[in-house]
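Look below for two forms of one protein chain, each set out as C-alpha cells: first structure 1, then structure 2.
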Structure 1
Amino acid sequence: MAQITLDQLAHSYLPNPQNDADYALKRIDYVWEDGGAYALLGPSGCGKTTLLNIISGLLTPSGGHVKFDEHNVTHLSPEQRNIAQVFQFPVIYDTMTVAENLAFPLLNRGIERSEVDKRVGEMLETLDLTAKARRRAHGLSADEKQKISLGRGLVRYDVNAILFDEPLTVIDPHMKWQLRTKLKELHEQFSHTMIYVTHDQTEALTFADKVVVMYEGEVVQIGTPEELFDEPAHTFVGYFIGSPGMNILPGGVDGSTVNVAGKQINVGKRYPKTGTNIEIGIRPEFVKLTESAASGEVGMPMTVHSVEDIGRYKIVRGDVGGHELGAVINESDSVPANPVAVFDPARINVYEDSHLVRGQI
C-alpha cells in the first residue's frame, strides 16, 4: 500500500495549452492517505479517467508530479508502480480457465504455488465462481468475465494501490450491490489504497471513505458523504449529490440575514461582505410545506407544478417568487392546497460565484 501525493498536477491533451480552458485536468494538490478508499465522482468528460490514468502510469501529466510515499513515480510505468487496475470492460484471457486467470498475476510474480492456490480459492469463493473454476473464460457472460477481471486485481496483496475505472458498468444491478459490499469488506480486511471511478453517486457514497467530486476538469470538493450532503463546497456538488439535488436560488446576504424570493431569513450566522453573484442553497429535505408559517418562521408562497410519489416519500416541485423549488415530504403527508415553503435556517448554504461562503457563529 502507498500514500499517493498529487503535487501541482495538471494535464492538457493540447501541445501548447494557453489557459485553464485548454486543460482536461486543472491543477490538483492532494494527498491520498495510505489504505484509504476513495471515489472519483462526476459526469462523463469531467477528467476522472484522465486523473486515474495519470495515477496508474498510463498517462504522463503535462505538469506536476505523482509520488507514492516519498518516491517520485511520475515517469514510471504501471508495472514499476506496482498497481492493479480494473477497467470498465473485462480484461482477461479467454483461453485460460477462470482459476488460471486469477492465478496468472500471482504466478507472474513468483508467488509459491501453495499460496497461489489458497488465494485463488478464496477469490473464487468471494466472487461466487467456485463452480466455474475449471471452465474457460470464453463463453462466460459479460458480468462473469468482469468478476474475473475484478478478482485479478484483488487477488494480489502486495500492490501499492488498486484502481477501478467504472468496473461495474456491465454487472447486473443486484450483483453490483453484492460486489460493492464485497469490495468494502476486502478493503477493511486488507487496507489496500483503493481509487474507484464512477458517475454513479450511489456507488461512490457506499464505497468510499472520501469522495472526490470533479467538474469540468477541476476537483471541486473532497469529503465524506456527510460533508458533501450537508455543505456542498460548490453549487455543482449540491446539484449532483442527492436525489433530488439541492435547490439553488438567486439571493443575497446582509450580515446574518439571507434574502431569498423577497423574504429575509435570519440564519444565526454572520457572513462577510459578499459580491453580487450570490445564490442560496437548501436541500429539498429541509424545505417544509405548510398552510401557514408558524410564529418565528418565514414562509414563502409556493406554486406547485407536480408531485412525484417515490413510495417512501414524495417530491413536490414548483416555484417561489418565479424560481424553481423542490421539497421532500413524507409519503403519508398531503400537499397543502395553498402551500408556503419554510426553509430550515440551520440548513441554508450561501454561495458566491458558485463557491460556498462559510458564515461565523
Structure 2
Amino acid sequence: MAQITLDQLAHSYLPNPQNDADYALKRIDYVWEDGGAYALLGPSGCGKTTLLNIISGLLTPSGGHVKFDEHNVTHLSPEQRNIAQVFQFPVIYDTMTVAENLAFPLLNRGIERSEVDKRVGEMLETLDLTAKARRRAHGLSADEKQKISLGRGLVRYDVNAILFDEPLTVIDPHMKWQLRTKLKELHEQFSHTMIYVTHDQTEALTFADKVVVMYEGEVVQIGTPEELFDEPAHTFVGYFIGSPGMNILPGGVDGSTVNVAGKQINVGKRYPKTGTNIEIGIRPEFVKLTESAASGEVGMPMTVHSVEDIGRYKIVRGDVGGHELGAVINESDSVPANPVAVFDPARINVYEDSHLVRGQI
C-alpha cells in the first residue's frame, strides 16, 4: 500500500520531442492517495495507458519522477515496485490449473508452500473459483480468466497498487456488471490503491471515488463524478461525460450577462473580463422546452430535427440560431409544436479557449 506521487511527469515515444504535440503524455503533477479508487477516463489514444504503464513500471518516463510514498521508483521494474496489473485481455497461464495460476506469483517470490496454499485457498474463495481450482485455466470463460488475472495480483497481500487497463473490454455485458461489483467489494475488503483505465464513462463513474479525465495527453480534470457532471473543467469533459453530452454553443459574456444564440441571459454571477473565444456550455438535462417562455425566462426558438425515445426519457435534437442543441425531456412530456428552449441560468458554464471560467457570486 502506498501513496503514489507523480512529479512533473511527462512522456514522449520520440527520442527528441520538439513541441507539445510530440508528447504522448504532457506534464502532470498529481498525488494518488493511499487506498483510493481512481479511474483514468478518456478516448482511445489520449495517453491513459501510457500513464498507467509509467506507474506500473512497464514504461520509463522521459521526464519527471514517480514516487511510492517517499521512494523514487522511476527507474525500478514492475516487480521491484510490487504492483499488480490487470490487462485488457485476460492473461492466464494456459497450461496451469486455476490454483497454480494463483500460486505462480507467490512461488516466484519464494514464499513457503504452506503459506502459498493458504493464500490461494482464500483467494479462490474470494473470487468464487473454488469449484474450478483444479481445472486448467485454458477452457474458462473470459470473465473467469479476468478474475484469475486479478487474483494473481491480490494474492500478494502487500502490493502497492492494483492497476487495471480496460479490464472489462472482452467481458459479456451482464458479467461486466458483476465483475465491477466484485471489484468494488474487493476494494473495500483489501483497500488497495486501485487505478482503473477505461474509455467507458459508466465504468469510470461507478467504480471510482475520483475520476481523472484525459484528453490528447493532458489531464483536463480530476474530480468526483458530481464535479465532472456539474462543472466540467474543459469542453471535452462536458461532452465526454454524460449521455447525451453537454451542449457547447459559441457565445459571449459580459459581466453577469451571457450572450448565446442572439439572446442575453442573466446568470447571477459576475465573470471577469474575458477574451474572444468564448463558448457556453449547458447540459441537455437543464434545457427546458416550452410553448413560450415564462416571465423572467429567456426563450430561444428551437427547430427540432429528431426525437429519440430511449425509454426513461427522450432526447430532442435540433438547433437554436443555427447552433446544434440537445435537450432531455421526461418520457411523459411531448415536444411542443413551436418549442422555445429555456436554459437554467444556474447551470450555465462559460468556457474560454475550451477551459472553464468561474464566475463570482
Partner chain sequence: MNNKPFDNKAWFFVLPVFILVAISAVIPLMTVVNYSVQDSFGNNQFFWAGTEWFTEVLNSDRFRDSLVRNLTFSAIILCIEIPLGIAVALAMPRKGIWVSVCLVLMALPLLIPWNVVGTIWLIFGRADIGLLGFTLAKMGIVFNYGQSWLQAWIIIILMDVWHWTSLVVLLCYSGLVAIPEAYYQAARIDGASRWKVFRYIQLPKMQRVLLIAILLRFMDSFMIYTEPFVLTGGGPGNTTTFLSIDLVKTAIGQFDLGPAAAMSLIYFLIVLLLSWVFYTVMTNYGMDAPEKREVES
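These numbers come from a predicted model, not from an experiment. Structure 1 provides the reference sequence; residues are numbered from 1 along it. C-alpha atoms forming the largest set that superposes within 1.5 Å between two forms make up the rigid core.
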| item | value |
| --- | --- |
| Structure, 1 versus 2, that is the form predicted alone | 1 |
| Comparing forms between structure 1 and structure 2, the hinge position between rigid parts, one of Tyr157, Lys176, Arg113, Thr224 | Tyr157 |
| Two-part rigid motion between structure 1 and structure 2 - turning angle of the smaller part, in ° | 14 |
| Distance the CA of Thr126 travels between structure 1 and structure 2 [rigid core superposed, Å] | 4.0 |
